[in-house]
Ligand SMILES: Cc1ncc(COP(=O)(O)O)c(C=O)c1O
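Heads up, the chain below is alone and in the form predicted alone; it's given as structure tokens.
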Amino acid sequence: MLNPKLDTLDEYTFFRLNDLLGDIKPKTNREPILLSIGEPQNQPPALLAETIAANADSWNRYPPPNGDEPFRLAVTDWLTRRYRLPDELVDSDKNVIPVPGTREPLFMLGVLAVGEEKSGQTPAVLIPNPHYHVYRGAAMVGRTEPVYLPARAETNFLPDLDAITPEILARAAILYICSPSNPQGTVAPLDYLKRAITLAREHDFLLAIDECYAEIYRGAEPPGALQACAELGGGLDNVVVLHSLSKRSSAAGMRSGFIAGDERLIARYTQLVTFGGSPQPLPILRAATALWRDEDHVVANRAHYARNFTAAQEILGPVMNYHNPEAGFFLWLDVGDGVAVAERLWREAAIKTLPGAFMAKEEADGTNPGARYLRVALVYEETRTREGLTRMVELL
């Protein structure tokens, strides 16, 4: 009666963290600092609440499954401007749909893009390792095999595309790539994205690029998959990108984002929402439209995270082999044994972090590519971030 593949949901990253730390009471009386969850702690711009309030007369209306034209145009204009795309590349009516954040649509791609077989075999869902747990969830919903692609330091924490075997490529249904990556903060170069797109088209699978950290960076803007599509030619075939306002606008509770790309996938997603999904309510949709058209709050948000990474460089740099990631708001620290260090930090210093092993699967040789690492979310304001990092250094 129940799908047995979903039994593995007990591997959910934060269930495992609770199993590790839930019975431990910190010895210190200092206030706990939770650096384990990537939840923005700075407030979203006032524009969000103001726009929702101004559109309160729309709460009684059913929203359309594909959003409204002002939202789709705002997204299209933003993509075209941000990634310097040709004006005709993204059609607002065919290539864009609003979604409730990125977690749900990333998961639902396992329904939309995976058939019962591929090339007469079990379809494969290709997942970077370590990874955001939802990619693994997408492989659970159907008759698929998750294939974990190591993302280690020697490949700049990106999966080695040339190491994917012909047998796996022949039955690949989806390849997930996160850029900038969670947890490592690596930015995929344009040439890498072009190589991934070429493989997707040659072997007819969906390339899903999770770009939700694209606006939190230090230095140059991270390139995007649609930018790579524009340079390659061939339209947006076999490619979708996912963005949200959770990190860009510190609006995680708003649950608003979009998918853009291959019009076949967008049409299927529209069908899914029409029959069984939850379209974005109109007041939220209009607030999202306003946020995608405003860059001032994004610049301020980026500066907030830049201050935290400056603090990390000053506090951690002198005492450990440390380098600031290119983008995102996580540190990916090589501490030798992430599980042991996370337990010690909570017990002794009331600092909660996430062991890298809980974001990865063991490989065929029994090694876990996240085992040595600790993920630390720098989401608080600078003073509290400095306090948390200082406690870590004092203990370690």
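For every residue, the number given is its place in the sequence shown, counted from 1. Just so you know, these numbers come straight off a predicted model, no measurement behind them.
Separately, the form predicted in complex with the ligand exists; it is not shown, and the next lines address it.
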Option touching the ligand, based on a heavy atom within 4.5 Å in the model of the complex, out of Thr144, Ser244, Asn301, Asn308: Ser244
Proximity to the ligand in the model of the complex, single hit among Val114, Leu106, Ala312, Leu206 (heavy atom within 4.5 Å): Leu106
Contact flag, Cys212 vs the ligand in the model of the complex, heavy atom cut 4.5 Å: yes
Contact test in the model of the complex: Gln280 vs the ligand, heavy atoms, 4.5 Å: no
In the model of the complex, Arg255 touching the ligand (heavy atom, 4.5 Å): yes
Pro189 within 4.5 Å of the ligand in the model of the complex, heavy atoms: no
Segment assignment from 127-135, 320-328, 191-199, 266-274: heavy atom within 4.5 Å of the ligand in the model of the complex: 127-135
Neighbours of the ligand in the model of the complex among 138-154 [non-hydrogen atom within 4.5 angstroms]: none
